[in-house]
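A single chain, nothing else alongside it, follows as structure tokens in the form predicted alone.
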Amino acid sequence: MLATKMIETPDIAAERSAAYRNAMARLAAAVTIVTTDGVGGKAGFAATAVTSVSDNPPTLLVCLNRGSSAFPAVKANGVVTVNVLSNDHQNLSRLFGGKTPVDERFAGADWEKTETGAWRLPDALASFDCRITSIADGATHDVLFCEVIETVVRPDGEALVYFDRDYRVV
């Protein structure tokens, strides 16, 4: 049986989108900073839409808004490092989550260059240095499938999560 698509008025579509955003605010998620560098330039953004896909080969999924200032650099570079934040990184997350210029974002912490050329946060709970292997269309976002080249794990620390439009600690 085929599903039929309901035609929505702009008011109904806006209401449905608002309801969706409110429901998603109730889904707790780890806070990460995703970085890149290369021919497309240096860039980074805060992200909660990151998840494991497979451990063989190790692969992450990262969702990137096409309207993001980091979008052109990530697409051109083809590499990212996903840095999992601890409670100590709330201010850094705010820098990478807003309209802050890229140089000011990176000035908020010390960084290390990774094998792929992206940037690792040395005191992140975990870092995943990745090559983007494929990209899927996700409406307003691109869904990046990222093969993990190297992982670095910090043995201690409390995780920073985003829930109900605010930071929480786990």
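Start at 1 and count along the sequence shown; that's the residue number. Keep in mind the model is a prediction, meaning the values are calculated, not measured.
If you look for the form predicted in complex with another copy of the chain, you will not find it shown, but the lines that follow are about it.
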Considering another copy of the chain in the predicted complex, which of I132, L121, A46, A70 comes within 4.5 Å of it through any heavy atom? I132
I'd like to check something about R165: if you look in the predicted complex, is any of its heavy atoms closer than or equal to 4.5 Å to a heavy atom of another copy of the chain? no
Although another copy of the chain is absent from this view, report whether R26 comes within 4.5 Å of it in the predicted complex, heavy atoms only. yes
Please tell me whether any heavy atom belonging to V53 falls inside 4.5 Å of a heavy atom of another copy of the chain, as the geometry stands in the predicted complex. yes
Can G97 be called a contact residue for another copy of the chain in the predicted complex at 4.5 Å between heavy atoms? no
Even though the chain is shown alone, can you say which residues of 146-170 have a heavy atom within 4.5 Å of another copy of the chain in the predicted complex? E147, V148, I149, T151, V153, R154, P155, D156, G157, A159, V161, F163, R168, V170
